[in-house]
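In the block that follows, a single chain appears as structure tokens, in the form predicted on its own.
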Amino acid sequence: MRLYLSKFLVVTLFAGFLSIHLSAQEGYVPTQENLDNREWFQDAKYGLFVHWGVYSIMGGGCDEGIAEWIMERKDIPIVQYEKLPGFFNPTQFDPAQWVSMVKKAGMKYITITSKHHDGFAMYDSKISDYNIVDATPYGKDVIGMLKEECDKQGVKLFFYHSQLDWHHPDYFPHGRTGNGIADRSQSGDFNAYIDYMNSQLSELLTQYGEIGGIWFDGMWDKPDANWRLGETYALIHKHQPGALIGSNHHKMPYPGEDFMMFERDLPGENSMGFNNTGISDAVPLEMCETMNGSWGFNIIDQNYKSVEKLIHTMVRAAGYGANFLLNTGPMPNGKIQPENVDTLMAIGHWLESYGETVYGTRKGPVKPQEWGATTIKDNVVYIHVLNYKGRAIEIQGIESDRLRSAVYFDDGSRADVKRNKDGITITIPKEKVKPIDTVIVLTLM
């Protein structure tokens, strides 16, 4: 069922787009709309990541952490994997319910997989029949349905799009992954594949109105290949001048990219082994994280992170000036896992009280430390004490001579903050310590 339009037809339909050269984005200057959206993005601070595709049917294949990688991890032949869409019928998908949940959770945007590494499109693609409308009994465009509901409820929608494709015959030479899939093509034209990818992107950019941006992933599979990034980025900015482009390539941003992301690590950290780059101060930042150990739906992965841990990660991310993109992998029936919903509602409840200390802030004057993090909004600094051990906290980097007042966020009572030559010292009485985050508000002159 590898159903693609001919290379000739694809090139003919999109010849105008393919004339843009690689260097097109070398001198990229963001539009005012793009710059405004970057500001909005930094103010938003918190979004929902959605990994959903036909792989959800497999439920992780009884291995933790596989989920959306099951085709590659289990070396499922393409001809066998192509049977999955025939079983994908998410009749309980309710976009209004999804978006309402996102808003109650305090999230401001959604980033959803339009195509993952398995090559299956979760939208109505005309370039290939390998998509949810043409290849499943469900036969509906979930991306279009979700976008319509996002517009109704005032939530921005971003599209995750994989540059890596284990299914397409022209994705050749193969990269670091998928080499155990026995029936992958052993020849191909990588330029024809990029034409195909850009054609699908053109569909996403023109079929759904204004979108938040494109979240790329997979370039790391062939880091030295000619991905024709300038052409692709120029294409996106041409159709959607305000859209933000980011790429999970684990490198410093390339010309034409509008934000920088970090996968399962805070900026500057590298517990995953691939976030070994710097931190850009030229574009907004975002870090993404899972609620358990999997991105897509995994029926046996019960290793859920606590609400406290996730809130701490969000606050520390804000302390670095980064957004927090928290993931869920919907079930094959279209419902969000109840465990994930419970977690999102608990975080949303916390944000109802403390959102002011996160939304609209920028990184504070002191980078996150073991004890916590700082955020800032105008002349107000929020000290987030996440790990208080009962002794005074020495905080360097805050100009103590500018300190006008220091109060507890919860009740406005005076906080015990002493000035010193290098900054301030904070002592918190036991009765003032909150279970998740003790916030002290510093007002500066």
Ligand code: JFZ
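It should be emphasised that the depicted structure is a prediction, and the values quoted were computed from it without experimental measurement. In case it trips you up, residue 1 is the first one in the sequence shown, and so on.
The following text describes the form predicted together with this ligand, which does not appear among the structures shown.
S.K.: Using a 4.5 Å heavy atom cut-off, which stretch among 227 to 235, 332 to 340, 350 to 358, 115 to 123 contacts this ligand in the predicted complex?
M.R.: It is the stretch 115 to 123.
S.K.: Can you pick out, from I395, L386, I66, V417, the residue that has a heavy atom within 4.5 Å of this ligand in the predicted complex?
M.R.: Exactly one listed residue reaches within 4.5 Å, namely I66.
S.K.: Of Q240, S199, T111, N248, which residue is found within 4.5 angstroms of this ligand in the predicted complex when only non-hydrogen atoms are counted?
M.R.: Looking at the other structure, the residue within range turns out to be N248.
S.K.: Although this ligand is absent from this view, report whether E263 comes within 4.5 Å of it in the predicted complex, heavy atoms only.
M.R.: So E263 counts as contacting this ligand.
S.K.: Taking any heavy atom pair closer than or equal to 4.5 Å as contact, tell me whether H51 reaches this ligand in the predicted complex.
M.R.: Taking the distances in the predicted complex, the answer for H51 is yes, it comes within 4.5 Å of this ligand.
S.K.: Even though the partner isn't displayed, in the predicted complex is W295 close enough to this ligand, meaning a heavy atom within 4.5 Å?
M.R.: Yes, W295 is a contact residue.
S.K.: Though only this chain appears here, would F259 touch this ligand in the predicted complex if you measure heavy atom gaps against 4.5 Å?
M.R.: Contact check for F259: no, nothing within 4.5 Å of this ligand in the predicted complex.
S.K.: Looking in the predicted complex, is this ligand within 4.5 Å of a heavy atom from each of D217, W220 and F274?
M.R.: Checked in the predicted complex: all three residues contact this ligand.
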